[in-house]
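The chain that follows stands alone, in the form predicted alone, written as structure tokens.
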């Protein structure tokens, strides 16, 4: 029983990590109407920035982490300024192709600058397992879960209660209409990319704390896709619920089904859920419903 509870709790916390990454997708989509396929690569760049500030420049964590978050924000702003800004008002397909190209570009930059060798990511969060009776909890995931709930609450308040947040949501409806209403579309999209960059750096700290770091860590971006699509591309609160569902379901599959099928079910099941949701409800559980008026 204690083993099962450990699987459920750590599954929920892993799901909240996916939700933290999913927030990066949602924040960009809510303002720019862009699904960023290169989100995993941005997380990897943020992780290598932290590694460089720690081990190349020999900085303390309290200085290295803010600098890396600042670098990630700058990366988001550069991407928006040099690439995405030119596509405002263009078809969605153009954005899809550009973000796929960005994925390839960033992966190449990481390989050129830091190389393919594995580096050890610094242990910024505690490593010693937390024990509550017979239940064992990963401390990095616990802190990550707390970060996710706090950041989701702040983001939800920002988008629903502030003038700037409401304007950014209006930009997602239609760029041309928002511009005709006097809303600063370029500013809104730039802010969303900057916020996404900051969230990516925090996700990198939680995901890679004390582990090996290579360019392949970008796969965490694709692992978070089921959470994004289950929640709906516009729902900030929904990603928390979807993250818990996906994380707990995957770990229950690991506990009950992997021993029967010799492993692999836990990795596949979230994507099966994602496909089923897309077939039944393409907008996800909490996605916006588009109303066409004639």
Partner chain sequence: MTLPGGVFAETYAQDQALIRTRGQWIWFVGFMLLLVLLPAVASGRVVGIAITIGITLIAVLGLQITMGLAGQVNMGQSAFMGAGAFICGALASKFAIPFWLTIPLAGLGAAVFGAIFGSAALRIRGFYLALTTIAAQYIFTFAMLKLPASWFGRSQGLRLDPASLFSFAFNTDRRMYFLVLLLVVIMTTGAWGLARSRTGRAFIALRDNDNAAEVIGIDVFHYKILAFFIGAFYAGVAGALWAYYVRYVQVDQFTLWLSVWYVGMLIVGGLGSVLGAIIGTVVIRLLMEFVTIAGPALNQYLPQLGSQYVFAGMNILLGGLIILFVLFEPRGLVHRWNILKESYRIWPFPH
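It should be emphasised that the depicted structure is a prediction, and the values quoted were computed from it without experimental measurement. Numbering follows the first chain given and starts at 1.
Below, we refer to the form predicted in complex with the partner chain, which is not included among the displayed structures.
> Considering the partner chain in the predicted complex, find the one stretch among 63-71, 244-252, 223-231, 42-50 with heavy atoms no farther than 4.5 Å from it.
Going through the listed ranges, the match is 223-231.
> Just to confirm, residue 263 within 4.5 Å of the partner chain in the predicted complex by heavy atoms?
Output for residue 263 is yes: heavy atoms within 4.5 Å of the partner chain.
> With heavy atoms only and a cut-off of 4.5 Å, decide whether residue 54 touches the partner chain in the predicted complex.
Looking in the predicted complex, residue contacts with the partner chain do not include residue 54, since no heavy atom lies within 4.5 Å.
> Please check if residue 113 has a heavy atom lying within 4.5 Å of any heavy atom of the partner chain in the predicted complex.
Answer yes; at least one heavy atom of residue 113 falls within 4.5 Å of the partner chain in the predicted complex.
> Using the partner position in the predicted complex, report whether residue 94 sits within 4.5 Å of the partner chain, counting heavy atoms only.
Residue 94 belongs to the contact set for the partner chain.
> With the partner chain left out of view, choose which of 83, 130, 123, 146 has a non-hydrogen atom within 4.5 angstroms of it in the predicted complex.
That would be 83.
> Which one of 178, 102, 190, 152 is close to the partner chain in the predicted complex, taking close to mean a heavy atom within 4.5 Å?
Here the answer is residue option 102.
> Heavy atom within 4.5 Å of the partner chain in the predicted complex: which residues of 26-58 meet that condition, in order?
In sequence order, 29, 33, 34, 35, 37 come within 4.5 Å of the partner.
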